[in-house]
Each structure stands twice: as structure tokens, then as C-alpha cells.
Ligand code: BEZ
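There is one chain below, alone, in C-alpha cells, taken in the form predicted on its own.
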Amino acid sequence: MNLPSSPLNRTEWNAELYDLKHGFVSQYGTDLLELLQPKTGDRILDLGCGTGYLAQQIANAGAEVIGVDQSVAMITQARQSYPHLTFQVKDGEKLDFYEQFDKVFSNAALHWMKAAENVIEGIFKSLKPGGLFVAEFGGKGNVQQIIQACYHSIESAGYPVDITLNPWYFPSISEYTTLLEQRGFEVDLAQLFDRPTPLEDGENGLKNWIFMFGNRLFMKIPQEAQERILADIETQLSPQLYQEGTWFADYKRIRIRAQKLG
């Protein structure tokens, strides 16, 4: 098993690897646009836009879109791929828009923003009165098997598990809808569902997924130990998540549609 050229404990996104090996993230967001129903005249914020694929789909429907992401690498890639669109580097926990958008859209991003109340506050303020919020992200139980296998393998290799390095926020439906309603949203759709997701690149799929998304779990692990830890993770998970040459991630997704009251 050959690791990518840089260690797992990096802190910035690899935008090229994201587009090359993890295109499923954007592809699964395409049907979410049916809930958003972008149209000519809409001004839409794409929160956590990544490399810009879905922002382009929104623009294709005739809407004006601004994509924001905390990652400089992602925004750089988005600007290169879609130079006719507007992209900005912004922290989703510190949005500074005020009633500028008819709709806020977010796909596979909110689970990276652990200060959920701050995010919801920023979304609320960004929307015009009556504005629509549509999102999908990891929910309670998302990639639970992968996370537990990582913890087990790290411990087995003799390293302490630091749960504060877990970068994700995976709420239940009741938890998240309560936060929305307390801030002044009316939620008319809230779903939690399983989505076993095939990972690209065959037998390297799980390793690439961990390198792309779970690298922070390994921030205190020496690079020379990472190879055998990853091999142990694969051994643990292959009976459940490896089928006919393809790895699957045990995704559970929350899908939300809510309207700003007032």
C-alpha cells in the first residue's frame, strides 16, 4: 500500500485530490438542487462550496451565486475552474452577510463547522426575510465504523486517541432542527438516511478517503507509523465495507429545508 506523498497530518485541503478522487461529494449534491430550485432572479449563497461544481450548476439555472469556503486551496481551484463566478474565502462560523440572499445552499460542508449555533446565526442573517435554507451534511452515526476503526488502530499501535482532534459535527435531526427553530426558522423537511457510498480508486479508496477527510485524527501520529495503522484499519473494515474491489463509506446524511420567518 503506497501512501500519498504528503503525511496524513496536514491541515489544508488538497483541492486537486478532492476533484480527482472524491467527485462523488459534488455528484451526490446534484439532486439536492431540486429542493433548492434555483431560478433566474435568485441570489444564492453556496456555503462550503469546495471547488465550485455545484455553484456552477446553480448558475446554470439562471441564479446569481456566490460561493464561500474556508479553504484557500478550494477557493483557488474554484476560481480557476469557474472564473466567471464569484468565490470568496470565508469562515462559515463567522459569516458577515446581512439579508443579501434569497437562498442559502450547503452540501457536505456543515459537518466541518462544529460551532453550529454560530453557523445558523450567520445563515439566518445572510437571508432576506422569508429566505430559504437547503442543506445536506453528515448526521448522527455518519462514518461511525470508519471512525471507530481509526481509534482502535491508533490505540493498538500504541498511540493515545485524542477525541478533540475529531473534526466533525454529526447531529441528530432533533438536535439540529431545534437549533434552527430556536433561531427563527420554520423547518418543513428533515431527513436522516443511510447512504452507503462507493469510494473511487478501487482498493485504495478507503486510504484515499482517510487521507482526504480524516487526516486530523492522525495529527499526533508520526508519518512512519501511518502505513501500518492504515493497513490495520483496512483489515478491520474490509468484511463490512469492501465489496468486489470497491470500498464503501458508511454515510448517514441529514437533509434539511427551512424558511426564515419574518
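The first residue of the sequence shown is number 1, and the count goes up from there. These figures come from a predicted structure and were not determined experimentally.
The following text describes the form predicted together with this ligand, which does not appear among the structures shown.
Here the chain is shown alone; which of 104, 108, 150, 75 has a heavy atom within 4.5 Å of this ligand in the predicted bound form? Of 104, 108, 150, 75, the residue with a heavy atom within 4.5 Å of this ligand in the predicted bound form is 108.
In the predicted bound form, which of the listed residues (82, 124, 97, 168) lies with a heavy atom within 4.5 Å of this ligand? Selected residue: 168.
With a 4.5 Å heavy atom cut-off, would you call residue 213 a contact of this ligand in the predicted bound form? Yes, residue 213 sits close enough to this ligand in the predicted bound form that at least one of its heavy atoms falls within 4.5 Å.
Do residue 53 and this ligand share at least one heavy atom pair within 4.5 Å in the predicted bound form? No, residue 53 sits far enough from this ligand in the predicted bound form that none of its heavy atoms falls within 4.5 Å.
Although the partner isn't part of this model, could you tell me whether residue 138 comes within 4.5 Å of this ligand in the predicted bound form, counting any heavy atom of the residue? Residue 138 belongs to the contact set for this ligand.
Contact between residue 251 and this ligand in the predicted bound form at 4.5 Å, heavy atoms? Yes, residue 251 sits close enough to this ligand in the predicted bound form that at least one of its heavy atoms falls within 4.5 Å.
Just one of 110 to 118, 83 to 91, 125 to 133, 186 to 194 has heavy atoms within 4.5 Å of this ligand in the predicted bound form; which? Every other range fails; the passing one is 110 to 118.
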